[in-house]
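Listed next as structure tokens is one chain, alone, in the form predicted alone.
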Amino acid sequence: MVRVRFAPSPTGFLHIGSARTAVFNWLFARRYGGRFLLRIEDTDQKRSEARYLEEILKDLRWLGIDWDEEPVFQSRRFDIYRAKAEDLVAAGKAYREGEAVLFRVEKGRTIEYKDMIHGPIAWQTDDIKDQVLIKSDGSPAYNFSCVVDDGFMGISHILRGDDHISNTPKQILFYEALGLRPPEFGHMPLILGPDGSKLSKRHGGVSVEEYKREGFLPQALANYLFLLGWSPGEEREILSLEEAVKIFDVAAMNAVQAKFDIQKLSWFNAEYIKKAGADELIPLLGIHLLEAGFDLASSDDAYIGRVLELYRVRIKTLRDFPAMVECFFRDDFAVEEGGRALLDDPGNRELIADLAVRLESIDPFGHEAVEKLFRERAAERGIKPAQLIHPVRMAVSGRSKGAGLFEMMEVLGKETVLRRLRRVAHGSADKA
């Protein structure tokens, strides 16, 4: 049976590159009916913190990643690592150096294995020095504890980043020395920034938690991550984890570095927002509205949902939403630069005053009736509808662009629209 593992260190938040590794391992396990396991590499007890572990597990669940067995904690297995090292000393394969234990690397050997992504790889043991198994403080070395645990967990395949390629020959030596069959290895090219440099904060956030906070949907982030190095073919891009499981093939993974593009991720997110149900989005949007300082006491989910439908196609991240819809949640909305002049124009004020009077008679206050009135009034005055639409849009929203004006007015409601139009008509544009 396929058994793979994801092994985070709880010394910080879940990095976007680590999240990609988790996603690929999960896809591989699910594709072949195997098991996806977690190993918590918390041997660095000074830097490991429970809050980081909690956030890592939360972020994995958020991405749609589940696991099949209770996580293995390396911090609870120090005695086992030491015992295994002592066995190698007794067998003459390792030796003591003070309080440390080192593995004796046999020289003159070639270590070969077939990487699932890169193909055949060979290393000369002459280039590998004797390896630390147990450090002088009694803690295990990374490569040794990994091998001991992979054997204990029955790991059959290891999918990880290219930065581990140099660890693989050392670990193969340990598998052999412990009488274990080495797993199959696949090393994924690392994620780089758009400019080809190491991915860093200047290319966007580097942790899953940051993307969650910025208003990215988990489905969009997971989708984008598994396309960094693998393609489902047929020029398909929008693909759920469940759909990807059915066709994932590690042999089809790209052997060159993948470039992370925040603009492309934003496009993915926008596509998922367009398709997401209102019941999923409204609670999340409510959080962002509250964080932006909006008072939602008089705004129920139905109202937020109506505003959402006006702006759904314009949103790239959920955090975009509050700035776009300020006029729907407060009367003292900001007026865009240049908008004051439009509202201070006497001619525009007269048009707005006239419309306010005529809009009073519309009942019910629907967008079709409002649009009909605008166009009729423009025709009567011998002007283009835009000469009414632009100042009215500024009066009710403070913006020159946005959703359709007539649909906006319907959602805002007759009372609010008339109040704002009268405010401008009476010379109070400075209070908008």
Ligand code: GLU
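Start at 1 and count along the sequence shown; that's the residue number. Because the structure is a prediction, the values reported are computed rather than measured.
We do not show the form predicted together with glutamic acid (GLU), though everything after this point is about it.
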Note to self: in the predicted complex, does M116 come within 4.5 Å of glutamic acid (GLU), counting heavy atoms only?
What the structure shows: no
Checklist line | Contact of R104 with glutamic acid (GLU) in the predicted complex (heavy atom, 4.5 Å) | finding: no
Margin query: Would you classify R77 as touching glutamic acid (GLU) in the predicted complex, given a 4.5 Å non-hydrogen atom cut-off?
Written below: no
Margin query: How about Y142 - does it come within 4.5 Å of glutamic acid (GLU) in the predicted complex, if we only consider non-hydrogen atoms?
Written below: yes
Notebook entry, point to check: Every residue in E41, C146 and R160 with a non-hydrogen atom within 4.5 Å of glutamic acid (GLU) in the predicted complex?
Noted result: yes
Next item on the list: Just one of 160 to 168, 219 to 227, 280 to 288, 300 to 308 has residues with a heavy atom within 4.5 Å of glutamic acid (GLU) in the predicted complex, so point it out.
Entry: 160 to 168
